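Shown here is one chain on its own, the form predicted on its own, set out as structure tokens.
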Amino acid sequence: MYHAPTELNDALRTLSEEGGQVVAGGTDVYPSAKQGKMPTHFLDLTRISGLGGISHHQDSIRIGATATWTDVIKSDLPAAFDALKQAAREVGSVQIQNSGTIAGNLCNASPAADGVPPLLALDASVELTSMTRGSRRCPLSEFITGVRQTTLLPDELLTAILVPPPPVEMGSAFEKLGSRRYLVISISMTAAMVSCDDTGKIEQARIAIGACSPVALRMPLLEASLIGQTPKDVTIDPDLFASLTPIDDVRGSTEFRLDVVVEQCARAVKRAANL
């Protein structure tokens, strides 16, 4: 059965009473399905008024659950969102970017989800809504708990991604390595946000790394080590990546991923500082 409600309450009621596979962009529904175990119910969110779009508020920038990657690319957002826009351009093909949603990327909880590192660097939270308990906020750093695992409850929908207004002077950049230029799963990826003082030295830094652990991670020790450095001469200590646990697979070895991510961090920091 295919449900396509036009009101959020109707969607929440259907989810609570009947369950089913939630569909927004729908780009991962069939690739992630297990053979012979397709859902009997689908819940399409794309017709719900007010659930999409990107809007600016006093305390946050709100990315609606059905906002697509293309919506992000075309939106007027601060420079701190450049990393997210760059990640958006790396997601699949243009057709995927036109239909795939950022919220779906988070709910799929892949270790290689391109949207997660930039949003972690932005200190994003997610808004989770149920019919009976209303809405709650959860930091993105706590929402994804493992490979394909989140804190989303069976009767909840992720209704928005909320980002606190970033510092005006903060720039950002995203680096991704794959086995080819487009239509590829990440081998490793890094999002960096930096701002510099009047002398050109880094005074704030946020770094998040994906595809090198079960869940993308912020790197607080690395961030602290960058303070006071000049971006063009930045040095990255490989010992600060001990929290990462990259796997060996057909795309790259553990050692290769660790080597790559050190270089990615240096490049991302320089690009975030407009170098």
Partner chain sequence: MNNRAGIKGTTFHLDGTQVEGFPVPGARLSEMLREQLGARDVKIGCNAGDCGACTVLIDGDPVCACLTPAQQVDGKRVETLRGLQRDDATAQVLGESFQDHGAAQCGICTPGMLVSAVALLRGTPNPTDVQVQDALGGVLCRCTGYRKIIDAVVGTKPITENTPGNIGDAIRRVDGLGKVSGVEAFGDDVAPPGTLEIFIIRSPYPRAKFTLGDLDAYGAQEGIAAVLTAKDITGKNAFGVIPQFVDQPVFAETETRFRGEAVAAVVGTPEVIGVLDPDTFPVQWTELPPISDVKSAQRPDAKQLHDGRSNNVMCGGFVQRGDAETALAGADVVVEGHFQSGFVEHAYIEPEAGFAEIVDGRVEVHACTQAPVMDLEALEVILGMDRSQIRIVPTGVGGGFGAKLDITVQPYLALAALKTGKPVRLAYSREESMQSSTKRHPSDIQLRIGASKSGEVTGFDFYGEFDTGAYASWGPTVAIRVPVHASGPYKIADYRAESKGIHTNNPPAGAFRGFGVPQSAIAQESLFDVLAEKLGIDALEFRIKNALENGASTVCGQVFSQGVGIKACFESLRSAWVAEREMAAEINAQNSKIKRGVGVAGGWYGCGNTSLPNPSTIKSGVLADGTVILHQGAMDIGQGANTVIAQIFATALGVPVGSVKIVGPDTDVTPDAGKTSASRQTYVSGNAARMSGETLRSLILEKINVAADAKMEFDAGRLIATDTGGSHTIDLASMEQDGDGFIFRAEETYDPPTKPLDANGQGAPYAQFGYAAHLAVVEVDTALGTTKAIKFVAAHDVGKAINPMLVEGQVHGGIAQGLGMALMEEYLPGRTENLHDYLIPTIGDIPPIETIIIEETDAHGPYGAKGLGEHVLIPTAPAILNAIYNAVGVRVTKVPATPSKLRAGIKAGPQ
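Numbering follows the first chain given and starts at 1. Bear in mind that the values here come from a model prediction, so they are computed numbers and not experimental data.
We do not show the form predicted in complex with the partner chain, though everything after this point is about it.
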Using heavy atoms only and a 4.5 Å cut-off, decide whether all three of Glu203, Asp237 and Leu240 touch the partner chain in the predicted complex.
-> no
Per contact check vs the partner chain in the predicted complex (non-hydrogen atom within 4.5 angstroms), the hit among 160 to 168, 75 to 83, 97 to 105, 138 to 146 is 97 to 105
The partner chain contact in the predicted complex: His57, any heavy atom under 4.5 Å | no
Does the partner chain get within 4.5 angstroms of any non-hydrogen atom of Leu153 in the predicted complex?
-> no
Residue contact check: Leu275 to the partner chain in the predicted complex, 4.5 Å heavy atom | no
Using the partner position in the predicted complex, report whether Met131 sits within 4.5 Å of the partner chain, counting heavy atoms only.
-> no
Sequence order please: the residues of 251 to 271 with a heavy atom within 4.5 Å of the partner chain in the predicted complex.
-> Arg251, Gly252, Ser253, Glu255, Phe256, Asp259, Val260, Glu263, Arg267
